[in-house]
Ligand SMILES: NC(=O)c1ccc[n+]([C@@H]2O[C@H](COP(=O)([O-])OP(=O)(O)OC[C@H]3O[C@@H](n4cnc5c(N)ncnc54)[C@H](OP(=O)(O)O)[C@@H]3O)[C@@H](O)[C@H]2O)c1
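Next up: just one chain, as structure tokens, the form predicted on its own.
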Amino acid sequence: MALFDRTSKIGFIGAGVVGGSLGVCLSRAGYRVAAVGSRTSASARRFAERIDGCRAYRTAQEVADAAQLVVISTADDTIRSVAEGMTWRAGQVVVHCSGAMSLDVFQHPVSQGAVAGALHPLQVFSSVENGVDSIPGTTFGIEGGPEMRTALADIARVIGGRPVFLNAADKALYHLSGVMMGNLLTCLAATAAQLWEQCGYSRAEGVEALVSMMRGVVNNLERSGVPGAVAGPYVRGDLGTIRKHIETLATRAPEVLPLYRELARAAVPFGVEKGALSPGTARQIEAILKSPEA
């Protein structure tokens, strides 16, 4: 007997943008999203209003009692306490949406006979509307036993995602890669755009200028991969340009200089791998980047 199917009632505990986006996508794909609970009744109601047949409950236990598959989409640090505060049925399915946490947070439900898994969308969510639009094509990190992997991979594919299977030891590293490419890439773009203020333009104008370039980077990565898409002065061996970058940052934006040095050093090996940068020039670039003076 399958763990669950499209007729099984699904309940969400946590009504934020991740849970809301998944709930809408699952409902549109024909799954029966029937229950939701949240810290605040208002957010649970907003979740339920987006999905036909979904009811907002006051407590997490009421959601679990109403569902065969319970998705805990709360903040990572509260998953364990939420799961431990409830009574579970034998054969019931509990899934969390954390990319960093493994299944050890579900020791309590498993001890009561529940079957545990993890389904994490490797995506950046700013709102439910944007999240629903961005899920097609998203990679989903899945953890669980063989039957759970199959069931969650089916869900990922049905809503347009690409499933990958993870071991507990690899979860944090997997999640870290996503944070670097999502949250930290956004911060890098914000830092780069802020430099435009020193050129007489606003940060918003800097963002507008750089976003088009970022799209080009994505296109190059898709078409050429790594190291083919890697470009810039660290690949060309433009020592004078690199020195000028460091001199300019040292005088006009010294707070950005350490970040620039580390990112530039990370780029050098890819230039060598690409065959565009000789090992000798790579060593010269490394020396410039390590030197306190350009």
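Please read these numbers as outputs of a predicted model, since none were measured by experiment. The numbering used is simple: start at 1 and walk along the sequence shown.
What comes next is about the form predicted together with the named molecule, which does not appear here.
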- Query: Within 4.5 Å of the named molecule in the predicted bound form: all of G16, T78 and Q123, by heavy atom?
  - Reply: yes
- Considering the named molecule in the predicted bound form, find the one stretch among 25 to 33, 38 to 46, 230 to 238, 250 to 258 with heavy atoms no farther than 4.5 Å from it. 38 to 46
- Query: With a 4.5 Å heavy atom cut-off, would you call V207 a contact of the named molecule in the predicted bound form?
  - Reply: no
- L103: touches the named molecule in the predicted bound form, heavy atom cutoff 4.5 angstroms: no
- Query: Is C97 close enough to touch the named molecule in the predicted bound form, meaning at least one heavy atom pair within 4.5 Å?
  - Reply: yes
- Item | Contact of T74 with the named molecule in the predicted bound form (heavy atom, 4.5 Å) | yes
- Using heavy atoms only and a 4.5 Å cut-off, determine which of L166, V82, L188, V110 is in contact with the named molecule in the predicted bound form. V82
